[in-house]
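Only one chain is given next, in structure tokens, and it is the form predicted alone.
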């Protein structure tokens, strides 16, 4: 009989995939938490966005193996997410605190390492590495009950990283953390990504997803409404007017020309050198605009979109879902 495969060396079912959901539905009695989800999560940072009740927490708990799907299949590194083998590849940092408050941070992280099956010496070594990663080495001997919100977040991250998982799942990690701490945690996630790992970050702080996530998943009513990079999602929303700010020494003359274009829905003059536009089919509009200003030698000193952020895209997607 051949030796069983080590859970740390299991390969994903799909090339490049760390976690997969296939036709996954989860209900709680008559209430549907998530409905017929298909999703692949690979290396890199993925943002999970949605209002309360969208299904984000259910999705996270399914990936972490804390819930079983009512229908469908959830896998992590090719293994059922609920299996002990899959949990070797998952680091989970929940939004709520569940500590042994009398323990020190260091002892808590070592205990979590031991629960992963490490020897005392390995647990001690891995705990120190994880504490250093989250910037808690010098503060780890204090009791958990005396920690600030930011320190508690860091210790939760340390226990999630202690076994060097393939995927880190973090639920609202920046909530209650000061600006300096947020920057440091974002750098930590980027460092984890740079080692070829997957990071799934659930957050309601939408503007921070612009700077952090390479890919975003928008959820609503238990379904995935859109996924991809913000630019890719924005390109799919051709019927949604894009707001553009343009500055030129020839603003009035240029505005008079652009208002005739079929992709321009409206123009508002701000002052003698600036105006804003609402445009459809932004790719076609920007291509035509570039050709036009070059051909006519028009000076354009500033051109920017004002609603291509995660927050603006999210608002539009949710309003569209509400109308569906």
Partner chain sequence: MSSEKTASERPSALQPSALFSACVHLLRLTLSRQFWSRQTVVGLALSLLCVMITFAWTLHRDPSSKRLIEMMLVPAFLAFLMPVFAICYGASAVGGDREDRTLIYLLITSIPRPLIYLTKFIAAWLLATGWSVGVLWVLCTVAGQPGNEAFDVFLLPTVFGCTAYVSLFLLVGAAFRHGTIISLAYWFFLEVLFGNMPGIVKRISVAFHTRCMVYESGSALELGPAGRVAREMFLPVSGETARTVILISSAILLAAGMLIFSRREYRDLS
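Positions refer to the first chain, counted from 1. Note that the coordinates shown come from a computational prediction; the quantities given were computed from them, not determined experimentally.
Below, we refer to the form predicted in complex with the partner chain, which is not included among the displayed structures.
Although the partner is absent here, residue 103 lies within 4.5 Å of the partner chain in the predicted complex, judged by heavy atoms. Contact between residue 180 and the partner chain in the predicted complex is not found at the 4.5 Å heavy atom cutoff.
Looking at residue 56, you'd find every heavy atom of it more than 4.5 angstroms from the partner chain in the predicted complex. Among heavy atoms of residue 147, none comes within 4.5 Å of the partner chain in the predicted complex. Taking 45, 279, 67, 267 one by one, only a single residue has any non-hydrogen atom within 4.5 Å of the partner chain in the predicted complex, and it is 67. Among 253, 232, 95, 210, the residue placing a heavy atom within 4.5 Å of the partner chain in the predicted complex is 95. Contact with the partner chain, judged by heavy atoms within 4.5 Å in the predicted complex, is confined among 210 to 218, 164 to 172, 223 to 231, 241 to 249 to 164 to 172.
Along 83 to 97, these residues reach a heavy atom to within 4.5 Å of the partner chain in the predicted complex: 84, 85, 87, 88, 89, 92, 94, 95, 96.
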